[in-house]
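This document starts with one chain, in the form predicted on its own, laid out as C-alpha coordinates.
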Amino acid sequence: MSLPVLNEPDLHLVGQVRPAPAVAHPLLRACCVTVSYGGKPAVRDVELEIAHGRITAIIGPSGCGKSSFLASLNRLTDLIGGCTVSGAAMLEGHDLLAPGVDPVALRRRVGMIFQKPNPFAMSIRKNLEMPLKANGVRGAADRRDLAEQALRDVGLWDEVSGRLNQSALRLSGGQQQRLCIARAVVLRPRLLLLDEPCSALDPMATQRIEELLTELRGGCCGLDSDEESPLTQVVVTHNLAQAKRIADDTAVFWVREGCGVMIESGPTESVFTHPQEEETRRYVSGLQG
(Lines give C-alpha, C1' and ligand atoms only; values in the text may rest on other atoms or scores of the structure.)
Protein backbone atom coordinates (compact mmCIF):
# COMPACT_ATOMS: atom_id res chain seq x y z
CA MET A 1 0.00 0.00 0.00
CA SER A 2 1.31 3.42 -0.88
CA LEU A 3 0.95 5.80 2.03
CA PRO A 4 2.55 9.23 2.32
CA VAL A 5 5.46 9.35 4.74
CA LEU A 6 5.50 12.26 7.15
CA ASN A 7 8.05 13.25 9.73
CA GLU A 8 6.99 12.12 13.18
CA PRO A 9 6.13 15.02 15.48
CA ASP A 10 7.91 15.15 18.78
CA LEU A 11 6.03 13.79 21.77
CA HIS A 12 5.12 16.40 24.34
CA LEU A 13 3.46 16.57 27.71
CA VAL A 14 -0.20 17.55 27.77
CA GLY A 15 -1.37 19.32 30.89
CA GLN A 16 -1.21 16.97 33.85
CA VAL A 17 -1.54 13.80 31.79
CA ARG A 18 1.26 11.33 32.46
CA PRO A 19 3.27 10.51 29.31
CA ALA A 20 3.24 6.95 28.05
CA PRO A 21 6.47 5.05 28.69
CA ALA A 22 8.62 4.33 25.64
CA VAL A 23 8.00 0.97 23.98
CA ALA A 24 11.07 -0.91 22.78
CA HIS A 25 9.59 -1.96 19.43
CA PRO A 26 6.43 0.03 18.72
CA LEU A 27 4.38 -0.92 15.69
CA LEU A 28 2.21 2.18 16.02
CA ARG A 29 2.86 5.54 17.64
CA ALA A 30 -0.07 7.86 18.30
CA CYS A 31 1.09 11.46 18.58
CA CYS A 32 -1.29 14.10 19.94
CA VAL A 33 -4.35 12.36 18.48
CA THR A 34 -7.52 14.38 19.09
CA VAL A 35 -10.99 13.30 17.94
CA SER A 36 -13.72 15.96 17.89
CA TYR A 37 -17.41 15.94 17.06
CA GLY A 38 -18.91 19.21 15.91
CA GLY A 39 -15.74 20.96 17.02
CA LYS A 40 -15.90 19.60 20.59
CA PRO A 41 -13.09 17.19 21.54
CA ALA A 42 -14.23 13.77 22.70
CA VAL A 43 -10.67 12.61 23.36
CA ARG A 44 -7.65 14.89 23.36
CA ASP A 45 -3.91 14.62 22.71
CA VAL A 46 -3.47 10.87 23.02
CA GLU A 47 0.21 9.88 23.16
CA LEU A 48 0.51 6.11 23.01
CA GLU A 49 2.92 3.54 21.61
CA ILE A 50 1.56 0.12 20.65
CA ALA A 51 4.18 -2.62 20.95
CA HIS A 52 4.75 -4.96 18.02
CA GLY A 53 3.29 -8.45 18.42
CA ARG A 54 1.55 -7.72 21.73
CA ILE A 55 -2.01 -7.17 22.93
CA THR A 56 -2.75 -3.71 24.31
CA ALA A 57 -5.96 -3.19 26.28
CA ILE A 58 -7.62 0.22 26.47
CA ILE A 59 -9.72 0.54 29.61
CA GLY A 60 -11.64 3.31 31.30
CA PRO A 61 -15.21 4.37 32.12
CA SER A 62 -17.85 5.05 29.48
CA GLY A 63 -17.55 8.34 27.65
CA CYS A 64 -13.78 8.74 27.91
CA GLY A 65 -13.08 8.40 24.18
CA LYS A 66 -11.77 4.84 23.97
CA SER A 67 -13.85 3.83 20.96
CA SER A 68 -13.39 7.19 19.24
CA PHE A 69 -9.62 6.84 19.48
CA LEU A 70 -9.77 3.26 18.19
CA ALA A 71 -11.97 4.23 15.23
CA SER A 72 -9.59 7.01 14.25
CA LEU A 73 -6.78 4.47 13.70
CA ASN A 74 -8.92 2.71 11.08
CA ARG A 75 -10.24 5.99 9.61
CA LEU A 76 -13.81 4.96 10.38
CA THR A 77 -14.14 8.46 11.81
CA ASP A 78 -14.06 9.66 8.18
CA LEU A 79 -17.57 8.25 7.82
CA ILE A 80 -19.04 10.30 10.69
CA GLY A 81 -20.40 13.71 9.76
CA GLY A 82 -18.87 16.54 11.77
CA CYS A 83 -16.05 14.36 13.10
CA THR A 84 -12.49 15.66 12.76
CA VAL A 85 -9.21 14.04 13.77
CA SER A 86 -5.89 15.77 14.30
CA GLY A 87 -2.45 14.55 15.25
CA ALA A 88 -0.56 11.63 13.75
CA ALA A 89 -0.70 7.85 14.00
CA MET A 90 2.58 6.48 12.68
CA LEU A 91 2.45 2.86 11.48
CA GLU A 92 5.83 1.68 10.23
CA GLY A 93 6.75 5.17 9.05
CA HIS A 94 3.39 6.06 7.54
CA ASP A 95 0.91 8.48 9.08
CA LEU A 96 -2.48 6.77 8.97
CA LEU A 97 -4.23 10.10 9.59
CA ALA A 98 -2.53 12.01 6.76
CA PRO A 99 -4.59 13.49 3.91
CA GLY A 100 -4.62 11.33 0.81
CA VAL A 101 -4.40 7.99 2.58
CA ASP A 102 -6.51 5.38 0.78
CA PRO A 103 -8.90 4.16 3.51
CA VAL A 104 -9.60 0.88 1.69
CA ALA A 105 -5.89 0.04 1.50
CA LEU A 106 -5.47 1.20 5.10
CA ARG A 107 -8.19 -1.15 6.35
CA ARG A 108 -6.37 -4.08 4.85
CA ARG A 109 -3.40 -3.28 7.10
CA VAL A 110 -5.50 -2.19 10.08
CA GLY A 111 -8.48 -4.48 10.62
CA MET A 112 -11.45 -3.75 12.88
CA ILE A 113 -13.75 -5.99 14.93
CA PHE A 114 -16.88 -4.54 16.53
CA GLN A 115 -18.99 -5.21 19.62
CA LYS A 116 -21.71 -7.02 17.69
CA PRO A 117 -20.65 -9.63 15.14
CA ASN A 118 -21.33 -8.35 11.62
CA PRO A 119 -20.85 -11.15 9.10
CA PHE A 120 -22.01 -10.42 5.57
CA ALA A 121 -25.45 -11.81 4.72
CA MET A 122 -23.96 -14.45 2.43
CA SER A 123 -22.30 -17.84 2.73
CA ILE A 124 -19.46 -18.56 5.13
CA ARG A 125 -17.19 -19.14 2.14
CA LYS A 126 -18.08 -15.85 0.45
CA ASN A 127 -17.50 -13.92 3.69
CA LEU A 128 -13.82 -14.79 3.30
CA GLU A 129 -13.38 -15.06 -0.45
CA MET A 130 -15.03 -11.73 -1.29
CA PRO A 131 -12.44 -9.55 0.55
CA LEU A 132 -9.66 -11.67 -0.94
CA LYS A 133 -10.96 -11.10 -4.45
CA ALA A 134 -11.39 -7.38 -3.75
CA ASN A 135 -7.74 -7.28 -2.67
CA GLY A 136 -6.38 -8.85 -5.83
CA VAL A 137 -6.42 -12.61 -5.17
CA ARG A 138 -7.76 -13.73 -8.56
CA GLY A 139 -7.22 -17.48 -8.41
CA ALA A 140 -10.22 -19.38 -7.06
CA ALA A 141 -7.98 -22.12 -5.65
CA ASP A 142 -5.82 -19.53 -3.89
CA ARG A 143 -8.90 -17.93 -2.36
CA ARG A 144 -10.14 -21.30 -1.14
CA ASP A 145 -6.78 -22.14 0.42
CA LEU A 146 -6.48 -18.78 2.16
CA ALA A 147 -10.07 -18.96 3.41
CA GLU A 148 -9.44 -22.42 4.84
CA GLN A 149 -6.26 -21.24 6.55
CA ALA A 150 -8.08 -18.27 8.10
CA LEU A 151 -10.82 -20.54 9.40
CA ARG A 152 -8.17 -22.81 10.89
CA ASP A 153 -6.44 -19.80 12.43
CA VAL A 154 -9.60 -18.92 14.36
CA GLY A 155 -10.51 -22.52 15.21
CA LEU A 156 -13.61 -22.63 13.01
CA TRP A 157 -12.60 -25.05 10.27
CA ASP A 158 -13.65 -28.25 12.03
CA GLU A 159 -16.97 -26.64 13.00
CA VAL A 160 -17.99 -25.28 9.59
CA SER A 161 -16.01 -27.13 6.90
CA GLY A 162 -19.06 -29.20 5.94
CA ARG A 163 -21.35 -26.18 5.49
CA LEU A 164 -19.26 -23.47 3.89
CA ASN A 165 -22.06 -22.67 1.43
CA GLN A 166 -24.59 -22.02 4.18
CA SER A 167 -25.40 -18.51 5.34
CA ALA A 168 -23.01 -17.09 7.91
CA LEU A 169 -26.04 -15.72 9.73
CA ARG A 170 -26.92 -19.28 10.79
CA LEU A 171 -23.82 -19.47 12.97
CA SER A 172 -23.95 -18.86 16.71
CA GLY A 173 -22.93 -15.46 18.04
CA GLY A 174 -19.49 -16.68 19.09
CA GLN A 175 -18.95 -18.40 15.74
CA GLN A 176 -20.02 -15.26 13.90
CA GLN A 177 -17.48 -13.20 15.85
CA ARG A 178 -14.73 -15.71 15.07
CA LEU A 179 -15.74 -15.58 11.40
CA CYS A 180 -15.43 -11.80 11.49
CA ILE A 181 -11.95 -12.17 12.98
CA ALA A 182 -11.11 -14.69 10.24
CA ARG A 183 -12.35 -12.20 7.64
CA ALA A 184 -9.95 -9.63 9.06
CA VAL A 185 -6.90 -11.87 9.47
CA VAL A 186 -7.28 -13.46 6.02
CA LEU A 187 -5.89 -10.18 4.66
CA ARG A 188 -2.93 -10.46 7.06
CA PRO A 189 -3.22 -7.05 8.72
CA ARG A 190 -0.36 -5.56 10.68
CA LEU A 191 -2.76 -4.36 13.37
CA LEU A 192 -6.15 -5.62 14.55
CA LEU A 193 -8.44 -3.28 16.48
CA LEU A 194 -11.20 -4.81 18.59
CA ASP A 195 -13.95 -2.70 20.17
CA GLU A 196 -15.56 -4.67 23.02
CA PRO A 197 -15.40 -7.89 20.94
CA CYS A 198 -17.01 -10.04 23.66
CA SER A 199 -19.70 -7.71 25.02
CA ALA A 200 -22.49 -9.46 23.10
CA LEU A 201 -21.30 -13.00 23.85
CA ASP A 202 -21.95 -15.52 26.61
CA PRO A 203 -19.13 -16.56 28.99
CA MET A 204 -18.19 -19.69 27.02
CA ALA A 205 -17.99 -17.81 23.72
CA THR A 206 -16.06 -15.05 25.47
CA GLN A 207 -13.51 -17.56 26.74
CA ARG A 208 -13.05 -18.94 23.20
CA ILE A 209 -12.51 -15.45 21.77
CA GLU A 210 -9.98 -14.63 24.49
CA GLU A 211 -8.10 -17.87 23.76
CA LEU A 212 -8.19 -17.04 20.06
CA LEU A 213 -6.75 -13.56 20.55
CA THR A 214 -3.85 -14.88 22.61
CA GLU A 215 -3.22 -17.58 19.98
CA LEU A 216 -3.23 -15.04 17.14
CA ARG A 217 -0.67 -12.96 19.02
CA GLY A 218 1.77 -15.79 18.30
CA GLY A 219 1.34 -15.38 14.56
CA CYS A 220 -0.97 -16.13 11.68
CA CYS A 221 -0.45 -16.43 7.95
CA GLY A 222 -2.59 -15.02 5.20
CA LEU A 223 -2.52 -12.97 2.06
CA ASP A 224 1.10 -11.99 1.53
CA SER A 225 3.13 -14.90 2.85
CA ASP A 226 3.03 -18.50 3.99
CA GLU A 227 5.14 -17.55 6.99
CA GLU A 228 3.61 -16.76 10.34
CA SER A 229 4.09 -13.30 11.79
CA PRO A 230 2.94 -11.77 15.08
CA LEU A 231 -0.41 -10.00 15.01
CA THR A 232 -0.50 -6.79 17.04
CA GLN A 233 -3.87 -6.17 18.69
CA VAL A 234 -5.56 -3.29 20.48
CA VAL A 235 -8.64 -4.23 22.49
CA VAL A 236 -11.09 -1.78 24.03
CA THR A 237 -12.81 -3.46 26.96
CA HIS A 238 -14.87 -2.56 30.01
CA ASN A 239 -14.08 -5.98 31.44
CA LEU A 240 -11.10 -5.41 33.72
CA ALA A 241 -10.68 -9.13 34.36
CA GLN A 242 -10.48 -9.67 30.61
CA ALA A 243 -7.80 -7.01 30.27
CA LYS A 244 -5.76 -8.71 32.99
CA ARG A 245 -6.19 -12.12 31.33
CA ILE A 246 -5.22 -11.28 27.75
CA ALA A 247 -3.35 -7.97 27.58
CA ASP A 248 0.40 -7.54 27.71
CA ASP A 249 0.03 -3.77 28.03
CA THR A 250 -2.79 -1.53 29.21
CA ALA A 251 -3.68 2.11 28.57
CA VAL A 252 -6.10 3.89 30.89
CA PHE A 253 -8.43 6.57 29.54
CA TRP A 254 -10.33 8.99 31.78
CA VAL A 255 -12.44 12.13 31.60
CA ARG A 256 -10.77 15.32 32.77
CA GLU A 257 -12.27 18.77 32.34
CA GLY A 258 -15.09 17.27 30.30
CA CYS A 259 -12.84 15.57 27.75
CA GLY A 260 -11.36 12.10 27.34
CA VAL A 261 -7.61 11.77 27.91
CA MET A 262 -5.18 8.92 28.36
CA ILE A 263 -3.86 9.19 31.90
CA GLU A 264 -1.31 6.36 31.99
CA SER A 265 -0.10 3.22 30.24
CA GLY A 266 2.37 0.43 30.77
CA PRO A 267 2.66 -3.33 31.28
CA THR A 268 -0.69 -4.69 32.41
CA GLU A 269 0.58 -6.13 35.69
CA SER A 270 2.17 -2.81 36.60
CA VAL A 271 -0.94 -0.78 35.74
CA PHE A 272 -3.15 -3.02 37.87
CA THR A 273 -0.83 -3.55 40.81
CA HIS A 274 1.15 -0.30 40.93
CA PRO A 275 -0.95 2.38 39.19
CA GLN A 276 0.61 5.81 38.97
CA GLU A 277 -2.65 7.80 38.95
CA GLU A 278 -5.26 7.95 41.70
CA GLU A 279 -8.10 7.56 39.16
CA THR A 280 -6.48 4.38 37.87
CA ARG A 281 -6.07 3.00 41.39
CA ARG A 282 -9.72 3.63 42.22
CA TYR A 283 -10.92 2.28 38.86
CA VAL A 284 -9.00 -1.02 38.87
CA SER A 285 -9.92 -1.59 42.53
CA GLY A 286 -13.62 -1.08 41.77
CA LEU A 287 -13.97 2.07 43.85
CA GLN A 288 -14.73 4.39 40.90
CA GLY A 289 -15.98 4.27 37.32
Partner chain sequence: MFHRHYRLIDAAGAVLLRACGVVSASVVVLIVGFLVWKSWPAATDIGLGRFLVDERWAPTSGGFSLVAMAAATAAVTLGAVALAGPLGVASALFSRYYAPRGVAAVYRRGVELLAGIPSVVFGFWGLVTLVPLIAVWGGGAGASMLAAVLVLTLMVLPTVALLGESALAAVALDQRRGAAALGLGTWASLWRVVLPAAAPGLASAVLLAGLRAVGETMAVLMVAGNVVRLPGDPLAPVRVLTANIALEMGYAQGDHRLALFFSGVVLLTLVAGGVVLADVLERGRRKAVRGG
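Residue numbers count along the first chain shown, from 1. All values reported here derive from a predicted model rather than from experimental measurement.
Missing here is the form predicted together with the partner chain; even so, the following discussion is about that form.
Item to check | Interface segment, criterion being heavy atoms within 4.5 Å of the partner chain in the model of the complex, picked from 145 to 153, 90 to 98, 204 to 212, 121 to 129 | outcome: Contact criterion met by 121 to 129 only.
Next on the checklist: So the partner chain isn't shown here. In the model of the complex, which residue out of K133, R190, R163, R217 has a non-hydrogen atom within 4.5 Å of it?
Outcome noted: Among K133, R190, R163, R217, a heavy atom within 4.5 Å of the partner chain in the model of the complex occurs only for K133.
Next on the checklist: in the model of the complex, does every one of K244, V271 and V284 come within 4.5 Å of the partner chain, counting any heavy atom?
Outcome noted: No, none of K244, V271 and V284 comes within 4.5 Å of the partner chain in the model of the complex.
Checklist entry - At the 4.5 Å heavy atom threshold, is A184 in contact with the partner chain in the model of the complex? => result Flag for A184 set to yes.
Item to check | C198 within 4.5 Å of the partner chain in the model of the complex, heavy atoms | outcome: No, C198 sits far enough from the partner chain in the model of the complex that none of its heavy atoms falls within 4.5 Å.
Next on the checklist: So in the model of the complex, is the partner chain close enough to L169 to count as touching (4.5 Å, heavy atoms)?
Outcome noted: The answer is yes: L169 has a heavy atom within 4.5 Å of the partner chain.
Next on the checklist: Is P117 near the partner chain? Define near as a heavy atom within 4.5 Å, in the model of the complex.
Outcome noted: It does: once the partner chain is placed as it appears in the model of the complex, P117 has a heavy atom within 4.5 Å of it.
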